[in-house]
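Two forms of the same protein chain are encoded below as C-alpha cells; each is given separately, as structure 1 and structure 2.
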Structure 1
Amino acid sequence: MRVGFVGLGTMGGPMAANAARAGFEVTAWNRTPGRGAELADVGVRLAPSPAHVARASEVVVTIVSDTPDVEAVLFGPDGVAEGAAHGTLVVDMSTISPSATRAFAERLAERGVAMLDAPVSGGSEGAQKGTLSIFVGGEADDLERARSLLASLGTTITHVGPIGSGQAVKAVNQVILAGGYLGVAEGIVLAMKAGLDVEQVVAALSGGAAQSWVLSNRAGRMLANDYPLGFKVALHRKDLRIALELAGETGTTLPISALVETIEAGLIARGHGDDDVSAVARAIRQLSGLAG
C-alpha cells in the first residue's frame, strides 16, 4: 500500500520509519526542511508539500502538533485536500480537538476523502518501538483499510466509535494522567515535609492501592526536583485544554484538570514548558516552602 506521512517530529519520524520497515511504500513531508532526512535510509521518499504526499498515497497519516496545525496541513495552500484523489483515506494521529476533527472530516467528505481520528498513547518510546496504543474513531470499513498500517505502528488498536471518538478517549487519558501526576506530587512533598525516607515510602506503597506508573517511575524525579523528558508540560497542557473544551461542550466538571492546566500554565510562564509533566511537583514543592 502507498502511504503518506505529514509531520516527521518526535512521533511522526519513527512512525514513518516503522511503516517503511513493514514494507509500505512511504512518501513524507515535514514543514522544516531537513527534518527526517535520515528516513531515506529506510526507503522513505521526501516530498515538497502535503499535496504531493497525498497525490502519491492511498492513505495519508497526519501527525503534527495542534488543531490549527492539522487544519493547515489538510486545507492550507498545497495541503492534503488539494492533492488527495477521491477515495483517499486521511488518518489523523495528532492529539487535537474532537469537535474540530468532526468538522475536518465533513470538509474532506465533500471531496470524497474519508477520515479516521487515531490519536496515540505510549510516547516517543512507543513510536520508536512500534508499540503505541491507538484509539480509532470513524467508520469500521475505513479502519479495515488502515489496519495493517496501524498494526505497523502500535500493538493495541481499539475502535472506540464514530469520528472524533478517538480524540475524546485521548482526552480521558490525559484527564486521568493529570490526577495521577498531581496526586503523586502531593504525596511525595508530604513525605518530604514529614521527614520520611521517600524512597522507602515509594517502595512500601508500590504493593498497595496507591501503586501507579507515575508513582513507580516519576516519584524519584519529584524528590530530586529534576524533570528530564518524558512528556512535555506544554503538550500535556495543550491536551488538557482540549479535554476542558470537551468538558464545556458536554457539561462536565473537571476540577483537577482545571487546576493542573493552570499549574502547567504557570510552569510554562516560568520557562519549564519543556520539562516532563512530573514538574507539576515544582508547584507543590514551592507552595510548601521547598525549592521548586
Structure 2
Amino acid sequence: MRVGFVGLGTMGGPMAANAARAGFEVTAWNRTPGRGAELADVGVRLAPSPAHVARASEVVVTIVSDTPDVEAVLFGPDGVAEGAAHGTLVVDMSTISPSATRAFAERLAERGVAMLDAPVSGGSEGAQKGTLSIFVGGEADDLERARSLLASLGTTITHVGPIGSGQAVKAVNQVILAGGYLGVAEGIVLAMKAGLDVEQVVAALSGGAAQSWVLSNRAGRMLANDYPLGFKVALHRKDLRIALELAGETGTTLPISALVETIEAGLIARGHGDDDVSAVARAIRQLSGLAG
C-alpha cells in the first residue's frame, strides 16, 4: 500500500517510520523544512507539499497540531484535496474538533475522497514503540482499508462510531487524563510536605486502587520537578479546550477539566508550554510553598 504522512512532529515522525518499517511505501511532508530528513534511513521519501503526498498515496495520514492546521493541509494551496485522486482515503490522526471533522469529511466527500478520524492515545512513547491506542470514527469499510496501516502504528484499534466519534472519544480520554495528572500531582506534593519517602509511597500505592499509568510513569518527574517532553502542556491544554467546547455543546459540566485548563494556561504564560503535561505539578508545588 502507498501511504502518505502529512506532519512529522513528535508523533508523526515516529509513526511514519513505523509504517515504513512495516513495509508500506511511505511519502511524507512536514511544514518545517528539514524536519524528517532522518526518516530517509528507513525508506520514507519526502515530498514538497501535501498535494504531492496525496498524488503518491492511496491512504494519507494527517497528524498536525490543531483544527486550523488540519484544514490548511487538507484544503489550503497545494493541500491534500488538491492532489488526492477519486477513491483516496484520508485518515486524520490529529486531535481536533469533532464538529470540524464532520465538516471536513463532507468537503472531501464532494471530491470523492473518504475520511476517517483516528486520534490516538499513548504519547510520544507509544508513537515510537508502535503501541498507540487508536479511536476510529467513520465507515467500517474505510477502516478495513486502513486497518493494516493502523496496526503498524498501534496495538488497540477501536471503531467507535461515525465520523467525528473518534475525536469525541479522544476528548473523553483527555478529560480523564486531566484528572489523573492533577490527582497524582496533588498526592506527590502532599507526600513531600508530610515528610514521607515519596518513592516508597508510590511503590506502596502502585499495589492498590490508586495505581495508574500517570502514577507509575510520571510521579518521578513530579518529585524531581523535571518534565522532559512526553506530551506538551500546550497541546494538552488545546485538547482540553476542545473537550470543554464539546461539553458546552452537550450541556456537560467538567469542573476538574476547567481547573486543569486554567492551570495549564498559567504554565504556558510562565514559559512551560513545551514541558510534559506532568508539569501541572509545578503549580501545585508553588501553591504549596515548594520550589516550582
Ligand code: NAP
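Just so it is clear, the model here is predicted, and its values are computed rather than measured. C-alpha atoms forming the largest set that superposes within 1.5 Å between two forms make up the rigid core. Here, a residue number simply tells you its place in the sequence of structure 1, counted from 1.
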- Do you reckon the form predicted on its own is 1 or 2? 2
- Message: Supposing the chain moves as two rigid blocks between the two structures, can F231 and R147 be said to share a block?
- Response: no
- Relative rotation of the two rigid parts between the two structures, taken as the smaller one's turn in degrees: 9
- The CA shift of E199 between the two structures, rigid core aligned, in angstrom, is 3.6
